[in-house]
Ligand code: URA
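The chain below stands alone and is given in structure tokens; this is the form predicted alone.
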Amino acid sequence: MPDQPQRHHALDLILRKREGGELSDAEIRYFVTAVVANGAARDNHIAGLAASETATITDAQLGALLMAIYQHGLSPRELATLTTAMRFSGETFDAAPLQTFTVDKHSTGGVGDKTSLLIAPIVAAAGLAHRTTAGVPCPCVPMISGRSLGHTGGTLDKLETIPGFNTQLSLSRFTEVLRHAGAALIGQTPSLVPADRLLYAMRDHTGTVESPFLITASIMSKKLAESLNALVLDVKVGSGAFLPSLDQARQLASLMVETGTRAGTRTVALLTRMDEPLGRFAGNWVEVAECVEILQGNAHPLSRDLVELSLTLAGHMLHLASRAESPAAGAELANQMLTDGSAYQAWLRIIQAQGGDTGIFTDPLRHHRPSATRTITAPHAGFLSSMDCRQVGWAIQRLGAGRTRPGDPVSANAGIEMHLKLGDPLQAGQPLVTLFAEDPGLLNEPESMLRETLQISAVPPLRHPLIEEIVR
């Protein structure tokens, strides 16, 4: 009599992981298959996937298993198996027809973190300026991005404030845009890494976002599914990061670098500070507008940290892609692309290729005007000394820029403008931050949250470097 296939049960996995035990490779693959099968049962448009009687897991069981993983972590074998199972849970992108070097950047998430909107056109411009003999840009940036999660914003939500911009491209259209524009910024289609799309939403509502193991599996499954030759990771550290301590960030960076390297992708991680919003604005359209001003050569002084970090990350990407002898030389090339207007032309090419209306960029801060604004001023003179950047992120979320549940709409106009950076001197009555919302009633709670967390002292604070360290 032939051997019967082993049956797995979600409760068995939960109980073993709850007690700190390890799951087998087969059990992890069962778990991922069950998540995708249940998603297919709810969303029957997932191509080629169908629910199975032997691969089912309830939302309650999924939440329990995620919490057990959060509490006990995963062994290197478990993490590798989970990442691989998620990577191949649906379609994957094949970059071979492009005959180019694929390189991407990913951030673990922060407040006002909009570097992708600058890096993609900068690196694309460098690639378009150095075509191969086959006429294909080298390097190119296939960027699969996400939506708002917890207190952090989402690149897709920002891009979709551009009228007509389509983030839901088919993989064939994704390839066409990359060939034409040198970069493309899209979201996960229902059939592309569906396990991560489903788990991503559940983590936000089960208190398991901060698990370094789940973060690693989520990020690396998507990035490895892009058929990347190289990857640069921006791992945030500080009060606005998912993992605020340096040790936690270092652990996460090491997990991701090892996972990428084992998969054959040249991977480097930078630990960067997230003690305050990056740049001048945080929200959705206001972040796009800030980046457009920078690309147009009109960078505001309060955007200096955003520009510095974007050039540094782009420099590492260009170095890994052999377009520069070192990351520093790559940053110089990136700055050249920015200052000579090449990056802005690449940005317009990307937006047009994905259906966006570039006319909105003629005067970006005049579009998407919020109907309600309020400015918080300094109660006394001193220095802006500290803030809980995570609380700032939650205040922005409550203004309407983020979500309370997966699928909730977000406001294009909601957000904040910072009038000072940490360490800046100020006078009594000087503006600290301006709030934007669609409804005046949404301003009160965020105002209270911001007043509580923005601290003013008589002496300037000690400042951390923007980039703490590099993990290779």
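Residue numbers run from 1 along the displayed sequence. Model, not experiment: these values are computed from the prediction.
Just so it is clear, the following notes concern the form predicted in complex with uracil, a form of the same protein that is not shown.
- Shown here without its partner, the chain carries 246, 250 and 255, none of which come within 4.5 Å of uracil in the model of the complex through any heavy atom.
- Out of the listed residues 98, 215, 387, 230, 215 is the one that sits within 4.5 Å of uracil in the model of the complex by at least one heavy atom.
- With the partner removed from view, the residue among 200, 394, 174, 344 that has a non-hydrogen atom within 4.5 Å of uracil in the model of the complex turns out to be 200.
- Among residues of the shown chain, residue 192 is not one whose heavy atoms approach uracil to within 4.5 Å in the model of the complex.
- Remark: residue 219 counts among the residues lining uracil in the model of the complex, judged by a heavy atom distance of 4.5 Å or less.
- With a 4.5 Å cutoff on heavy atoms, residue 302 does not count as touching uracil in the model of the complex; it lies far away.
- Taking non-hydrogen atoms only, residue 149 approaches uracil to within 4.5 angstroms in the model of the complex.
- You can rule out all but one of 115-123, 259-267, 284-292, 219-227: in the model of the complex, only 219-227 has residues with a heavy atom within 4.5 Å of uracil.
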